[in-house]
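Starting off, we have a lone chain in the form predicted alone, written out as structure tokens.
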Amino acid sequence: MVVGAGVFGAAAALELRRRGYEVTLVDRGGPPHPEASSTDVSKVVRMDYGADVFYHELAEAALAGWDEWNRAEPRPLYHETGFLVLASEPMRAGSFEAESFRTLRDRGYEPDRLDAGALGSRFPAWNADRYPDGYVSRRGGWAESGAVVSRLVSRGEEEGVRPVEGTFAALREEGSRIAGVRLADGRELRADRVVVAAGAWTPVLLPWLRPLLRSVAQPVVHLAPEAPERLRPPGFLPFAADISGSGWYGFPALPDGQLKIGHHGMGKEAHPDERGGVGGAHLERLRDFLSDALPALVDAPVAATRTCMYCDAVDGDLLIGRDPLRDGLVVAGGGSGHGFKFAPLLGPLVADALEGRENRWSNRLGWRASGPVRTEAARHTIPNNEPPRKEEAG
């Protein structure tokens, strides 16, 4: 039984079915659920992780999986447009941008280095004076996140995964063993193994994980620019704009004309059912960023806002492993705002954990009750203490 039909759970259910298990996928309704972290329209796919070669290699392996998925699907859901990384000062050793650039080159890639002149020529929407350095990683882009989750769920059902709609209430225990789940409507569902992949709800449903995991709210804004055709590849790419120093990242305009900009920062700890909306102070910060970096967008109307919930691990690493104190329980989460790009690997990683198989990633991503306090390399670490504002929910 897999609890949660986001990208972790949907991928796990499909892989476990392909390994011969009878699989039930429990979700509280309509995957991709509109409040899930892995829904929405887009997620960045990148290998850029500063000096962290582990995640560079994990992303490299995932990209091979995205290529395979694209070949197998009627239309591609991963778009390899390239990924634009901008630095607000000349790249220096130790910075996220410089170390990402160096790692890519050390690994045999050839990112295109950009100075202000090249930025202004190739990507005219940007204020070239603001970003004197940067590069384009050609092996990267974005994925249609909600469509990916929908496809994983539907493919699972086509191959025999049994869907059950319901809200998780508790694990079902028989002695020291987990033997299924109890739903909020009183139904009890039996299973030999339970995988909890509930995204930001994971530390709520499994509170003993809270020393390692927490639920964090992050703001996302969709803009409706007047001339969206100028804000699409090749002249406008998914971007990280001095991301470890500012938190800003975003995407090209979609066919509907909307353009999404998010903030990869510390966020605000919140219960995922009480996440609130995107507050006015964040919209003011966004306008300041646009005025400085993307002046053509400074007056673009806000089409929608969304509060995206991270299942944040204190060490920034995914958590995929068997709970050693609860026989029969596997946890798959800790996406920490950067887990979606690994979608093609998540199913095999969860299935290996359930079967007790070691793999090249399990040493770092496997079970732990706590970890060193650190963040993923692109994360902006200055806290944003603005409380969620329910009246401004978009």
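Don't overthink the numbering: it's just position in the shown sequence, from 1. Note that the structure is a prediction, hence the values are computed from the model and not measured.
The protein also exists as the form predicted together with a small molecule; that form is not presented, and the subsequent description refers to it.
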| property | result |
| --- | --- |
| Answer option from 199, 247, 140, 134, heavy atom within 4.5 Å of the small molecule in the predicted complex | 199 |
| Among the candidates 218, 103, 81, 95, the residue which, in the predicted complex, approaches the small molecule to within 4.5 Å (heavy atoms) | 218 |
| Contact segment among 50 to 58, 24 to 32, 359 to 367, 322 to 330, judged by heavy atoms lying within 4.5 Å of the small molecule in the predicted complex | 24 to 32 |
| Output flag, 86, 109 and 379 jointly within 4.5 Å of the small molecule in the predicted complex, heavy atom basis | no |
| Heavy atom of residue 118 within 4.5 Å of the small molecule in the predicted complex | no |
| The small molecule contact at residue 349 in the predicted complex, heavy atom, 4.5 Å | no |
| Touches the small molecule in the predicted complex: residue 166 (any heavy atom, 4.5 Å) | yes |
| Residue contact check: residue 310 to the small molecule in the predicted complex, 4.5 Å heavy atom | yes |
